[in-house]
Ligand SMILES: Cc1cc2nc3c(=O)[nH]c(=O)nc-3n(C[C@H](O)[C@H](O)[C@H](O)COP(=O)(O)OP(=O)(O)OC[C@H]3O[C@@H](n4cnc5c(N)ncnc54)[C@H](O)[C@@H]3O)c2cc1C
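What follows is a single chain, given as structure tokens, in the form predicted on its own.
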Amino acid sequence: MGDPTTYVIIGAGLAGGRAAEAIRERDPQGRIVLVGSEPYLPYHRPHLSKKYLMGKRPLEKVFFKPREFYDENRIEVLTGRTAVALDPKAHQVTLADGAVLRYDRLLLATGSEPRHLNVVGSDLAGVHYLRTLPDSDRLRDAMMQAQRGVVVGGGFIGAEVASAFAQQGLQTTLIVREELLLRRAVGEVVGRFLTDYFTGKGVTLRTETAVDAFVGGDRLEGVRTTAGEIIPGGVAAVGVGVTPRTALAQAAGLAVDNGVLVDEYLQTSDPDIFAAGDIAAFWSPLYRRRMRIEHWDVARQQGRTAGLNMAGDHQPWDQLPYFYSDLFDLDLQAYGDLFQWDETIQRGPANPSARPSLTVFYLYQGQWRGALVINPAVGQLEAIQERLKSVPTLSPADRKRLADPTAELP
């Protein structure tokens, strides 16, 4: 009987935590080392722009597992440690403090980092980015003390923080490059719905503009747009996208192209190295194309699949992509491929009642690829998920059924 396998996981986020859990399920004897640059155990990042930011979720409920879980499962967690070099030939990783870890199987789950605006005043106190627990703590403290807040970016992070600002009572302005909130991500129908909804909740939108400068003396006093308007605000949150952390993989000679290239088993160009989460540019057996998805559930599911495969399984990651968002009292849930579509179908009119709702389907070259539902009805999502797994090609009659809320799904 050979020596136990050593598994090293670089990145102690959700993908890394799930991988460690799955490895231990599959291999009771192997050594598992989880390395994270933050001084925390793996935690759920979506809470940072939602309930945790608003003080509605306690810190202990943000973490993936308690400390006892790692101790009981003999998972060595090296927090506050950063990997600076990877040598695939020697099967070893070097940390910033000089320590060297040897591995038999390695997972890269280094995640992504926020893009920063390179404009005048970007270093002023009061300008915030959101990625880590301390980021969320600092933003909450600033939000609690401010009367006016400015959010830069019309994606999900921007929309969620603007929702939090407004619910906290701040006079909130949201700066969006496009003419509609979230249009690039979810299309015109949903973008119009959300733009109108946010406006109705008191959020002022400045569309088709961007930030020219942050203005102030020692602290932020306002944001100047490219249209020349100065929007007053004592706190600004910037959410203009993220960049995958691929430097370690690239320096090691792994195949990288808008992420670390992996196959459907999440295996990189080196058979002993896997990648999962934000950095993984994976081959999708479901959609027959390469994708890279920066969403919580994808990291959660890919982490588990990567861990199982590192420990000897051979399972493709063929799950239906999923993401969600909480915006005011809107429960937004989306399934499938909302990253490549050329047509949308709205299922019935939007419901403007006390609990507004909207359902939109996404098609590509005649195939039904995805769905987004706001405030779904009981049982609605299960039926949609089941149909999306087959990626059906739609006939003209099928399209009519999709649009008709009284008809069964095609």
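Fair warning: this is a prediction, and the values are worked out from it, not measured in the lab. The numbering used is simple: start at 1 and walk along the sequence shown.
Note that the form predicted together with the ligand isn't included here; everything after this is about it.
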Task: the ligand contact in the predicted complex: Y103, any heavy atom under 4.5 Å - done: no
Open item on the list: If we define contact as a non-hydrogen atom of the residue within 4.5 angstroms of the partner, is A299 a contact of the ligand in the predicted complex?
Closed with: yes
Open item on the list: Does any part of A276 reach within 4.5 Å of the ligand in the predicted complex? Heavy atoms only, please.
Closed with: yes
Open item on the list: Given that the ligand is not shown alongside this chain, does Q167 nevertheless sit within 4.5 Å of it in the predicted complex, heavy atom to heavy atom?
Closed with: no
- [ ] Choose one stretch from 256-264, 105-113, 170-178, 219-227: the one whose residues place a heavy atom within 4.5 angstroms of the ligand in the predicted complex.
- [x] 105-113
Open item on the list: For the three residues R131, E160 and R245, which mark the spot I'm curious about, does each lie within 4.5 Å of the ligand in the predicted complex through at least one heavy atom?
Closed with: yes
Open item on the list: Which residue, F339, F328, Y324, W283, is the contact with the ligand in the predicted complex, using a 4.5 Å heavy atom cutoff?
Closed with: Y324
Open item on the list: Quick check on this chain: which one of V33, L48, I374, A371 has a heavy atom within 4.5 Å of the ligand in the predicted complex?
Closed with: L48
